[in-house]
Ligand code: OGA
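Here we start with a single chain on its own, the form predicted alone, put down as structure tokens.
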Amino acid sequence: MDVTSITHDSQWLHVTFTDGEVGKFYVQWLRDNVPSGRHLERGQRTFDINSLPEHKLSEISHVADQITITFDPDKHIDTFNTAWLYSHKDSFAPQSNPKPILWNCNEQSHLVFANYQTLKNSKKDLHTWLCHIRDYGYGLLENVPTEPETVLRVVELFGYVRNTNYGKLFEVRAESDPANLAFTKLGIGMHTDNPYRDPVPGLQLLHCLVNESDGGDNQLVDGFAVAEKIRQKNPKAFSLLATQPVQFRYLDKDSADLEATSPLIETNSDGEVTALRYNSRSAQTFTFSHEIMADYYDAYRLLGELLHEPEARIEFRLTPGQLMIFDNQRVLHGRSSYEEGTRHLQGCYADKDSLHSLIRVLEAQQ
């Protein structure tokens, strides 16, 4: 990006680019981001700005696409690329992942199972699959060997297993003395797993080993889409769900007493929805004041109703060798009931950071 003019005082550098855009750069920010202060391969800063004196802009020169700055009082000289400055001219907002693509039941017609063996041998296909998980919050896989613990190998495509008190993996099948509704034949409503943990596991995988049941279909709902629907339909309800903390707890006297407190809808500083925690089985007694208790229950019921609307969900039956992975902080999951037949899935958890990391690594290799 070419430059038409440069002005400065001791604190601010003003750069006017050829498209008319103007960048205003603070002296301490410039000194903190000098190109010579980054490790060439890893990009880590090699110094701490707090160990340096406060700087002033001294001399500025401009040749071609390079702007050279001399900083007082230590006379440090460094050169900035104008294209880099142009890319940082707007509010210095951090780069982030693409915006999530919201969906509802119309996603049913777009269900695609990627081939496990293909992903193992093709970085391009693996990248496509991982991006779908990042953007839509779920992914489907087939031709996964039905040998026990293969779900752990699938995680190795992009990251590492998140170990919990349940172990590296857990079994989803009907048991004679179940400790969890998941280990029965009952239908299970939409929920996120482990809301009583901090941090919550970011990803969940479920791999079908056997399915001879007369039901037990899997259901997924985009919680972000539902949250935005509430924001538009009832801003007051959204505000209550996004600000009032709810306590979650899991108690196993022999091994665990887990607690976490969070609003059911979590947002960032820009008001964007970043996570949902919704699990009526592990939510503890609400402790809100009487001034908001009634309104909160109205909001809570609204969230529950919208999460269970048929037009919000996709539904499919996993067969042996098929696997689903989903963002446990965005996509809620459930299943229909069944009465007859054997159904056995193995599941595990993983974290999202390694998945996002691999996407960026693969993109850098393209």
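From 1 onward, residues are counted along the sequence shown. Keep in mind that this is a model prediction, so the values were computed, not measured.
Keep in mind that the form predicted together with the ligand is not shown, yet the notes after this line are about it.
Although the partner is absent here, residue 345 sits close enough that one of its heavy atoms falls within 4.5 Å of the ligand in the predicted bound form.
Using a 4.5 Å cutoff between non-hydrogen atoms, residue 218 counts as a contact of the ligand in the predicted bound form.
Although the partner is absent here, residue 333 sits close enough that one of its heavy atoms falls within 4.5 Å of the ligand in the predicted bound form. Taking non-hydrogen atoms only, residue 158 never approaches the ligand to within 4.5 angstroms in the predicted bound form. Judged by heavy atoms within 4.5 Å of the ligand in the predicted bound form, the contact stretch among the candidates 81-89, 119-127, 148-156, 202-210 is 202-210. Residue-level contacts in the predicted bound form: of 131, 141, 172, 242, one residue has a heavy atom within 4.5 Å of the ligand, and it is 172.
In terms of contact with the ligand in the predicted bound form, the residue from 237, 188, 225, 283 that brings a heavy atom within 4.5 Å is 188.
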